[in-house]
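What follows is one chain in structure tokens, specifically the form predicted alone.
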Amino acid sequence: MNVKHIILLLVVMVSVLAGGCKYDWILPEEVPVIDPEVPISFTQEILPIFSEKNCTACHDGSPAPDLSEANAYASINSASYINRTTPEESVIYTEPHPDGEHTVKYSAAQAALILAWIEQGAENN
């Protein structure tokens, strides 16, 4: 094999390797800063997360908690899904958390919103 063939082979190999590499950078989701002084509305901000994440496909009566629009607040408050003493240990926050093991997961922004709502007292507003 002569020098021209070797150079041509190297150029082709470098072209294939360089052209075959594609990087799809996955940027981490930005978690919004939530003002603790601004009340978070359960009906307008928290309840829509349950239907958006399709939680109500399974949690619409059985199994618990019932996350349907009419019963969600009473269901998560009556069965110890909210821990007001240690909000970050609340089941409604930890189970579908992005790092949790539940099949359906909140986004990081939704998890932050739910945690902030619990920290504000988990009001039915």
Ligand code: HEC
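Bear in mind that the values here come from a model prediction, so they are computed numbers and not experimental data. Start at 1 and count along the sequence shown; that's the residue number.
Another form, the form predicted in complex with heme C (HEC), is not on view; read the next lines as being about it.
Within 4.5 Å of heme C (HEC) in the predicted complex, heavy atoms considered, which of 33, 70, 64, 38? Only one option qualifies, and that one is 64.
When the contact criterion is heavy atoms within 4.5 Å, does residue 54 count as touching heme C (HEC) in the predicted complex? Residue 54 belongs to the contact set for heme C (HEC).
May I ask you to state whether residue 104 is within 4.5 Å of heme C (HEC) in the predicted complex, using heavy atom distances? Contact check for residue 104: yes, within 4.5 Å of heme C (HEC) in the predicted complex.
Residue-level question: is residue 95 within 4.5 Å of heme C (HEC) in the predicted complex, judged on heavy atoms? Close contact exists here: in the predicted complex, residue 95 approaches heme C (HEC) to within 4.5 Å, heavy atoms only.
With heavy atoms only and a cut-off of 4.5 Å, decide whether residue 91 touches heme C (HEC) in the predicted complex. Heavy-atom contact with heme C (HEC) at 4.5 Å: present for residue 91.
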